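Just the one chain here, laid out as structure tokens, in the form predicted alone.
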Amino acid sequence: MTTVETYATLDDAARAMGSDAAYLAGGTLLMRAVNEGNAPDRLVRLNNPNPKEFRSSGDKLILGAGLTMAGVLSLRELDFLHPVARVIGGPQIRNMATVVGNLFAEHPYGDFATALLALGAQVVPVGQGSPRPVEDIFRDRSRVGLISSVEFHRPRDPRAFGFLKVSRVKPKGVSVLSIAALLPREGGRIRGARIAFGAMGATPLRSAGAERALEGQSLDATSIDRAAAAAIEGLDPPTDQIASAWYRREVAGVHLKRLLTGMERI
């Protein structure tokens, strides 16, 4: 039988965590496991719903652990992420699903995590000092511990960030794949390209080939075609009930081209 333990602060909850426990925040996926009898022995939660604050410092944006998708949609400062949050389930899910929880959502979920990877986000562990790259979570989610917040820099040019979700059921179906792109430009040239794919591996992954094709280039038909041709480098698409690995490999470049072409025209 699963027991629920309630604590006053994140620090208290972090101290209570162990290999037999899971942290209960929005619970959009964890409660499914509870209902199916697959939950851990202990669920740890906060007395007050998770920290939902949003803060900014210059161009740095700080999202508290319990900020929900609906919360993201309510914030003008996060308008560039509204297209991402809007395709996370339906209204009920968006009211519960949290930004940090999405980092731990296993395939085929985790579209918001894909966007955070493209943005170069860092996570701030509870009681563990300095921020860590979000990639650290994806390497081994079981060893991360509790996260107090996620932080990243707002793109200076809103046209530098783009997102595309491909699903068979619009708008809230699970992803065949999702793509997030951060393409900062200096003097018309891309500097620091980051292209992230969701549902193209066990966790969100960056496309090394697409990034290399775009770096230092203008965003035009030629560079877009090269990025699309190199899109699957660094990716490891799965076969599941949504799509086969073969199909995902075939369409990844097609959808990347659509996303980048849309960003070029803005």
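Because the structure is a prediction, the values reported are computed rather than measured. Numbering starts at 1 and follows the sequence shown.
Same protein, other form: the form predicted together with a small molecule, not shown, and the subject of what follows.
- Within 4.5 Å of some heavy atom of the small molecule in the predicted bound form lies at least one heavy atom of Ile93.
- Using a 4.5 angstroms limit between non-hydrogen atoms, Leu182 is distant from the small molecule in the predicted bound form.
- Contact between Ala13 and the small molecule in the predicted bound form is not found at the 4.5 Å heavy atom cutoff.
- The small molecule is not drawn, but in the predicted bound form it has no heavy atom within 4.5 Å of Leu256.
- Only one segment in the set 182-190, 154-162, 71-79, 99-107 has any non-hydrogen atom within 4.5 angstroms of the small molecule in the predicted bound form, and it is 99-107.
- Out of the listed residues Ile147, Val134, Ile195, Leu177, Ile147 is the one that sits within 4.5 Å of the small molecule in the predicted bound form by at least one heavy atom.
- Contact with the small molecule in the predicted bound form, defined as a heavy atom within 4.5 Å, holds for exactly one of Leu61, Ile232, Leu205, Leu30, namely Leu30.
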